[in-house]
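As structure tokens, one chain now follows by itself in the form predicted on its own.
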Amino acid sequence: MTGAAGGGAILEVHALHVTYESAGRAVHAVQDASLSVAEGEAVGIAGESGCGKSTLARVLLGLVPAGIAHIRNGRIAIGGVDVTGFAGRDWEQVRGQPVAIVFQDPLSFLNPVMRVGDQIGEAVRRHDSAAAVPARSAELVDLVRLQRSVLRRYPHELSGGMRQRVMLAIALGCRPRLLVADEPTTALDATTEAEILALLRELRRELGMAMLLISHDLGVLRWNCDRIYIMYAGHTVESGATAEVLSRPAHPYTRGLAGAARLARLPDGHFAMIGGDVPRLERPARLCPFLSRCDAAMARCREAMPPALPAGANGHQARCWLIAPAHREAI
């Protein structure tokens, strides 16, 4: 379930399986997840909390806890380089350039005792050694639409939206070919969220940069991403062109997400929601992970894990037996 649209792939993930292990207990946070991002492309990942979105983002840059997080299967390639076995300082080859990341809570990632200018300058010195640091830092705050006076301030003196722009400036100081944005607007009010998303769109156009945008908000992904992957219980269960997937969802889980996002009403007047509970992740799934919550489950679903099957146009795929040819003929 990959299929980047156009250009060479800056990121390829195939059948990735990641566990967290501590005190004799294992959690299979990501299971059989696959995706790709082409140069200059905007790709989204959607799913409920706990579906593996953030773990996937962090493992791409080796930002999961050593000794606790383990890649059990699969492959990650960045810029054509297999980074699956990277450890420790190996990751310095890819962090910042060609891939940078922006997290959802900038106050937790900015150094509270360093001025903003020093933190941006640190990224410039590390990844753009030929640049004049003060001039490049000023250029970066201009790029993210901040006043240059921000360079002399500390993170706690800034609003949430300003801190997120500072995080963007630090990431862009590395001149990344791919920006991973992990829920970058979750903690912001609606107006500031719109401003940050508009800024991301402008920066992509100006810099020709690819983006992997992670969000639980389908509306955000609809208007900002060329393609989308839907994750559930660590699996990528549906993928394709964003408009195609969200207007004609093939997997029951995606349909449930879309109904809840639209605030659709059921016949009894209640808002649409997905019933049941997310499965426990102590064991790897042998069958469709959505089986226990699916109101369209059939005998075949209890026999084998569905593969990624064609579900429509523009590379649309879903892992669901409902769209298997034999089932389509039966109905």
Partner chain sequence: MARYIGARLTWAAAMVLGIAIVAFLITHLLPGNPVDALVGDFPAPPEYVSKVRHLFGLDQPLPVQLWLYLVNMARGNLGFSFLSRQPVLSLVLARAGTTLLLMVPSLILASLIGVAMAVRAAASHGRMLDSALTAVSLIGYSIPVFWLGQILVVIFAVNLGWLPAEGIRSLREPGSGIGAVLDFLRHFALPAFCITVYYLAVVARVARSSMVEMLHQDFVLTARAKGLSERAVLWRHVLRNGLIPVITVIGYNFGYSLTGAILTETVFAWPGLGELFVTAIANRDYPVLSGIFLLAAIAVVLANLATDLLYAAVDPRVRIAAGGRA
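Positions refer to the first chain, counted from 1. Since the model is a prediction, treat every value here as computed from it, not as a measurement.
Below, we turn to the form predicted together with the partner chain, even though it does not appear here.
Not displayed here, the partner chain is approached by residue 96 to within 4.5 Å at the level of heavy atoms in the model of the complex. Contact check for residue 167: a heavy atom falls within 4.5 Å of the partner chain in the model of the complex. With a 4.5 Å cutoff on heavy atoms, residue 185 does not count as touching the partner chain in the model of the complex; it lies far away. Heavy atoms of residue 301 never reach within 4.5 Å of the partner chain in the model of the complex, leaving it off the interface.
A heavy atom within 4.5 Å of the partner chain in the model of the complex is found for exactly one of 146, 133, 199, 174: 174. A single residue from the set 208, 80, 112, 85 has any heavy atom within 4.5 angstroms of the partner chain in the model of the complex; that residue is 112.
Taken together, 241, 295 and 321 are entirely out of contact with the partner chain in the model of the complex: none brings a heavy atom within 4.5 Å. Partner contacts here mean any heavy atom within 4.5 Å of the partner chain in the model of the complex, and among 208-216, 245-253, 123-131, 191-199 they occur only in 123-131. Using a 4.5 Å cut-off on any heavy atom, none of the residues of 207-236 reaches the partner chain in the model of the complex.
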